[in-house]
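Let's start with one chain on its own, the form predicted alone, as structure tokens.
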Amino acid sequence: MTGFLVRRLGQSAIVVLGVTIITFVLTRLLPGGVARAILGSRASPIEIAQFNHDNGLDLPGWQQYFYYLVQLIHGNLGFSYRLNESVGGLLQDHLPKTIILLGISTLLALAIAVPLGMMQAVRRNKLEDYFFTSLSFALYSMPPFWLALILIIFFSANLNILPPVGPQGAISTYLDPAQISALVLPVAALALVTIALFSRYMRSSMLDNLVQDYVRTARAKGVSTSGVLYRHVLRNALIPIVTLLGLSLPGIFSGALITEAIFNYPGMGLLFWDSAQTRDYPVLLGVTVVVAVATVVGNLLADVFYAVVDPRVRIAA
């Protein structure tokens, strides 16, 4: 198990290093260079030369990358000249709000999708299975922005029971009833698509395990149906879900970016959206690095949980 973790940590470090190289190269491919992109098209050649000198952009490429890597290691993700604030400070303010949104929606999706997939597998080819399968296909095929707009039109414009914007202000105010009600629609927009995805995988995994030999053996020994499902089948059926959860982080975040923009939710997705419109490249690259690191960490945790759930991985390791 220790060797398995060491190998995965080494692979994760290489992936993160590769992401830093790609982001560094992308900044150097900006039209007119980094200085022109940040200072604007009206900046004089003297101002651009001074900016390049102050930020080490007139050094050789390998020295610039080394300096960039050292800054990342020390937590310096750059400075937003448009917002006049460090990228680290901006992420410190916006990232916890995105974590709350993603955390609640993902936990809610798992809490609903796992039992829903189990029920569909047990009631295979019955009316309930057909109904939830059709509903899952419909939700999964919907773009996140389209689903968010439908929720706003139905619950805010027509019924007027939920606000059309996400909670505003500090996180400490999120427990207020008004803030909680404002969080319902953004969470629902993310959770519904995730439920459709996870429930389909859970149903397929349950069906694959229900025909295995160990299930027939357990039933032959007199184990009840609920005992077979919860003590034997569930643990093995969760293995693909654990892997899928780690691999779904980029997709979940991309959905959060669009959802935050539509609901004006002040998280990292909205920050990325606004920065893309204003060409705030340091913020864009800082968010890209953070999301890449989060994706790598998510995949690493998925592999660790996979080894915990499936003893065969520990034996192979």
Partner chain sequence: MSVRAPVTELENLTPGGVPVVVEGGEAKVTGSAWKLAAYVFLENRLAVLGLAFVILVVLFCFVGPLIYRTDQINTDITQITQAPSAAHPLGTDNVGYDVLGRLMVGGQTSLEIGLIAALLATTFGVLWGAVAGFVGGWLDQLMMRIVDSLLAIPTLFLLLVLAAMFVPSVPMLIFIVALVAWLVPARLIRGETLSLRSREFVDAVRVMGGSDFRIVLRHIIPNTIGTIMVNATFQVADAILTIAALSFLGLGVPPPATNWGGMLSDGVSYTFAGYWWLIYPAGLAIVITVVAFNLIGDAMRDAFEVRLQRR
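Not measured: the values here are computed from a predicted model. Residue numbers count along the first chain shown, from 1.
Below, we refer to the form predicted in complex with the partner chain, which is not included among the displayed structures.
The putative spot formed by 209, 218 and 244 is not touched by the partner chain in the predicted complex; no residue has a non-hydrogen atom within 4.5 angstroms of it. Contact annotation: residue 291 falls within 4.5 Å of the partner chain in the predicted complex, judged by heavy atom distances. Taking the partner from elsewhere, residue 279 is found to have a heavy atom lying within 4.5 Å of the partner chain in the predicted complex.
Looking at residue 46, you'd find every heavy atom of it more than 4.5 angstroms from the partner chain in the predicted complex. The partner chain is not shown here, and in the predicted complex it never comes within 4.5 Å of any heavy atom of residue 35. The partner is absent here; in the predicted complex, the one residue of 73, 175, 170, 153 having a heavy atom within 4.5 Å of the partner chain is 153.
Note on contacts: among 214, 137, 230, 131, the single residue with a heavy atom within 4.5 Å of the partner chain in the predicted complex is 137. Of the candidate stretches 218 to 226, 191 to 199, 138 to 146, 78 to 86, only 138 to 146 has residues with heavy atoms within 4.5 Å of the partner chain in the predicted complex.
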